[in-house]
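In the structure tokens that follow, a single protein chain appears in two forms: structure 1, then structure 2.
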Structure 1
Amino acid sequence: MTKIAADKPGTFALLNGDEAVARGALETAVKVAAAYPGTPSTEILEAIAEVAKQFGIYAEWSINEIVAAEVAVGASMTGVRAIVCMKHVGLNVAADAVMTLAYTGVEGGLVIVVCDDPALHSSQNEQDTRFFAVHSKLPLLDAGSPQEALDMARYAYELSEKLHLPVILRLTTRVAHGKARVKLGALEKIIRRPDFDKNGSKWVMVPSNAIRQHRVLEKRLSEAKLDAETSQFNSLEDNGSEIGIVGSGVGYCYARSVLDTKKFSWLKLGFVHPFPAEMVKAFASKVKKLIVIEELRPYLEENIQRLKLDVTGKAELGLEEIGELTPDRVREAFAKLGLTDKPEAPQQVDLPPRPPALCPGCPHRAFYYALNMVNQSVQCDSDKCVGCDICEYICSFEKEGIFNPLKSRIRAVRIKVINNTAITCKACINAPCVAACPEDALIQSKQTGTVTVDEDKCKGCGWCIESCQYGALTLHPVTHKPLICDTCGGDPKCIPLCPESALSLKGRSDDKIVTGDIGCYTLGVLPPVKAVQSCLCMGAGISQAAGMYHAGVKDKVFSVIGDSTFFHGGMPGLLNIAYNKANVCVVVMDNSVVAMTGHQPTPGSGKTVMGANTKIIQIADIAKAVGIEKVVTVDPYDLEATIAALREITNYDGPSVLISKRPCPLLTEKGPKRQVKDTCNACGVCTKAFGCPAITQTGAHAEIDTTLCNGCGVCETVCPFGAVGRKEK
């Protein structure tokens, strides 16, 4: 039995804020729980789901937050208690439902738990949910500790059913992911039969009903204000001091830990919306100076200013709205007012950082590597090219040691008046020159697409030249073997020396446009991968890519998105590119799990959070069903096949989906460990281009840390010198 299920009221358990909320929900006999995983809120539903069967609860991972909210609303409409949990940005997704839910109100108690993430430990913004409560006119409880989270969850149901309103319970990262000794309450036995009143007009938000319900909401909110004024979560500690400190959340806890509490009077606010104005006025009348301490935006401060009270707030304390409060920052703030000692100056220790990175064995890394390697060729912008020939001289000097344009692998073409350009090998898919060679003397690299000549086999017949539709090949004037650009191994010498900057290497990572999304694969933005260039919100990448295409971007735009993010917010965007015909390749990084938040199941994993088997929903089927004609699935560990698929899709015109499918390696059996052989010449490809955290290179050879190696074996393919092999036992 897990610790949140213990039927031992009055005993203590070590719980984090999320688990405490889950316990509160159990204690008040919640019947339906729905959520979408999101740090730091994920553990609430996980904790509930673990004991759901035992308590007769239905729990689900919904596909996104608005769906979760609607499921919880439906349950509440039948009179049972429900909970829906999300991170702060999840509330934006659920907002459409929640804003109008404030009008309809609820039947069974409904608590919306929202976890804010000050300092963005794992988020894309620092929005403050207290202002959403103002916006939606819903009551909000702001927990400052796991104990409060439990107590507030219990109280929230009482309040929700009294007011017939959903109640927002707000946690912040330090509460949600902080653990503390929490006193358990009694497990209530409430049995309700689900019963929906089909005749109630309050659920039908057509204008005439909605305006009536808006009036009802205002009335309920003024009732809520009375509750806030007398709430057990708004507590006053009068120590007869001239200085009064008012605060909420962890900021208040930090203030108490850095100050001598007896020297000040204290007002702790937990029920913060509607704002308990009378209580604050009464507190203010007892003290000469009122100081507000709160994280993120000055919500309490602005409310107090509205009461025409003098208040010392963020500006005087030198506290920003940005980032989270810490005991150090709070001490510094109070030291500024002369109320405590300054914090210790942190000693600077000069240490190498440990940059975040995809885990060893991560299939995303393998995919990104393939994406970075694909289809490189030198291209010329004819708008810039003046036909000066300099590239030909550079190429011949680089390759043949002589300035002789006849020996160049790039050819300037001057069609006077019309245009100038330079032409070289385009690294075609299934290059026709290779097929045309009767001697099999041309070989095309499956990774880079580069065509090389086996000069022993070549007889100089010139069929390859005939077959090249670009006219990019010529025969060497002396040897009569074809001259084919090899991109100088990925670093063409002609490009930097072109005086008009007309040349560029197409197909490199820093050349492709790749929009990103939210999940582990967002780490593809970091070096050495550096493949991803955007991250806005769940599902945004697909439509951002479409917008770029419609704006006139000519190259194929890639959009990478994880499987769970795709189910969450990517499907409408995919349908949209199929309908509006955007030349976008959507890459779904399918590891069949929500990896980043701790491996929750997805519609593609065949399991529900309750452990039941369910239909496995295939992303390829969805893609085809919404009208995408080009759908390809690859195993990213197979670099050659992945690169071949990418090269093919790069040249495909129209919306396409590439599914890079491989389960998260943290959930599968490890492969055989790899080791570096003595033949390693420290070229750095494995550390500088591939970047697996298990591989480091501090000495003459690269080294693989076998405690970290996951045995994926991709480094074996990546190493150009065959210097990685299986570890001998």
Structure 2
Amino acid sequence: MTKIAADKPGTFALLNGDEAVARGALETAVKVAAAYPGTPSTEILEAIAEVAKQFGIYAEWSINEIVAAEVAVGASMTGVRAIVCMKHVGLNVAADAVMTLAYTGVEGGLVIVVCDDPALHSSQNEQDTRFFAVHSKLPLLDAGSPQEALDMARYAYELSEKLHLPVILRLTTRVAHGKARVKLGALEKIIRRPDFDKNGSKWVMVPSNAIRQHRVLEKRLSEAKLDAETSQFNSLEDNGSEIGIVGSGVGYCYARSVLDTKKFSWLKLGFVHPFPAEMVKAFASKVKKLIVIEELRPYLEENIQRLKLDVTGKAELGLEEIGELTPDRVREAFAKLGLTDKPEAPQQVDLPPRPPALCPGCPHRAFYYALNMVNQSVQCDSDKCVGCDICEYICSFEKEGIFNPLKSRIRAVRIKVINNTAITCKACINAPCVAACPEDALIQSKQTGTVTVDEDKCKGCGWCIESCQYGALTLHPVTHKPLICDTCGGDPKCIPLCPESALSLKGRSDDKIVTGDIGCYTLGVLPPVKAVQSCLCMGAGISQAAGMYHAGVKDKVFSVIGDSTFFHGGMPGLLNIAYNKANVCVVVMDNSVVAMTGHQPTPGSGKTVMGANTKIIQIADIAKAVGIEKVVTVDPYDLEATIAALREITNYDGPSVLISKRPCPLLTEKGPKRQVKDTCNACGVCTKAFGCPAITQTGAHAEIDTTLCNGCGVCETVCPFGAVGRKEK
């Protein structure tokens, strides 16, 4: 039995804020719980689901937040109690339902738990849900500790059923994930027979009904305001001080921790919308100076200013509307007013940076590497090149059957007194040489980027040579046709025979447009892969890609999205590109799980949050059902096949879907460990182009940390010299 299920009222348990909300819902006999995973709110539904069968609760991971809200609303409409949980950006998704829900009202108590993420620990923006409560005209409780989270969850159901309105319960990251000693309440035994009132005028918001319900909403808000004025979560502590401190959430707790509490009077606001104006005015009459402490936007401060009261707020305290509060930041703010000492300067520890990275064995890295390798060219490391010219001889013999550097597609040149390099075609985007040719004799492959010469059309004018900014083209000494590297069909013979390992076959990420989405795969924006170029919100990448295509961009446009995100918000965008014929390739990174938020099941995993077996929804079937004719599934670990599929789709004209299917390596058994052989020549492809965290390069050769190695074996394929193999037992 989990700790949130203990039937021991009056005892204490160590809970974080999310678990405390779950416990509060259990204590009030919640019947239906729905959510979509998103840090920092994920653990609420996970905690409920763990004991759902024991308590007769139905719990589900819905495909997105608006669906979760609508499921909870449907339950509430039958008179039972329901809860829906999401993070702040999820509330944006659910807003369409929630805004009208304020008009229809509810029957059974409905609590909307929203976890804000100040400082963007795992989000793409900062929002303050208190202002959404104003916008939607719904009551909001602002929890400042796990104990308050539990108590507010209990109270929210009573308030919801009293007002016939959903109630928003707001947590922030530190409250949601911080643990504290929480006093448990009694588990209520409420049994309700679900029954739906079929009165359409109550639930159907056509204009005539909605205008009437709007007036009802205003009356309910007036009643809620009276509750706020006397709420147990709004407490006044009069210590006879001339200075009064007003706060909410975790910021209030920080203020009390850094100040001598007896020297100040305090007003803690937990029921913050509707705003308890009369209580604030009563508090203000007892002090000469009001100071407000709150995270993110100045919600309390602005409401107090509307009461024509002078207030010291963010500007005077030097606190921004950006990021989260910390005890040190709060202490520093009060020190500016002379109310406490400045915090001690923290000891600076020179630690190496640890940027986020895709895990060892992550199939997303393999896919991005393949995507970059669609367009390849031979590159030279000038730090290693000694100008030996061997590459020229190898190339001329391979292409012409003779050792003659004048017939080579690669040229060794001296760039400084002691520096050399080798120059060959770089497969430029929209190659200038192709544009410069007056005879249209040069053709650039859309699939590989390589440039070929039509010998029959070429007249040897040399304009292509003049247009190349790299000096990579020369004329054949006999035919006078341009010599252009074609990478030997992807297997250049010059690379393995370079005695200094200065040459390598490298891809590029700037030859295509790649719109991204929210998930682990968003880390594809980071080096070394640097493949992802945009990220807005869940599902947006597909529609952004369509907009770019219809705007007239020349590059092939790919949209990368995860399997859970595809179910969440990608399907409408996919239908849109099929209907409007956008030449976009949607890449679904299918690892069969919601990986970033803790491996929750998806509609493609065959399991529900309660552990029941369910139908596995195939993404390929959905793509075909909405009209996508070109649907390809690849295993990203098979680089050769993945690159071939990408090249084919690059040349495909029309909407397409490529499914990169491979389970998250954290959920699968590890494969055989790999090791670097003595033949490694430190070419750097595995670290500088592929970038697996398990591989490092220290001087003469690369090394694989076997404690990190997942055993995927992709590095074996990546290494151009066969210097990686299975570790011997």
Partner chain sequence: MKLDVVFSGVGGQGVVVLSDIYCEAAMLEGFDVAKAEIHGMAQRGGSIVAFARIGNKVESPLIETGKADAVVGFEILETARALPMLKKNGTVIVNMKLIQPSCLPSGVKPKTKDQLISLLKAKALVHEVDGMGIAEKLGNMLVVNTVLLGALSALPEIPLKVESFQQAIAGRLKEKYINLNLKAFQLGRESVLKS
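This one's a predicted model, so the numbers in the text were calculated from it and none came from an experiment. Rigid core: the largest C-alpha set superposing within 1.5 Å between the two forms. Every residue number counts along structure 1's sequence, beginning with 1.
Taken from the form predicted alone is structure 2; the remaining one is not. Relative to the superposed core, residue 392 undergoes a Cα shift of 2 Å or more between structure 1 and structure 2. After superposition on the rigid core, the Cα of residue 408 moves by 2 Å or more between structure 1 and structure 2.
After superposing the rigid core, the C-alpha of residue 121 moves by less than 2 Å between structure 1 and structure 2. Fit the two forms on the rigid core and the C-alpha of residue 487 turns out 5.9 Å off between structure 1 and structure 2.
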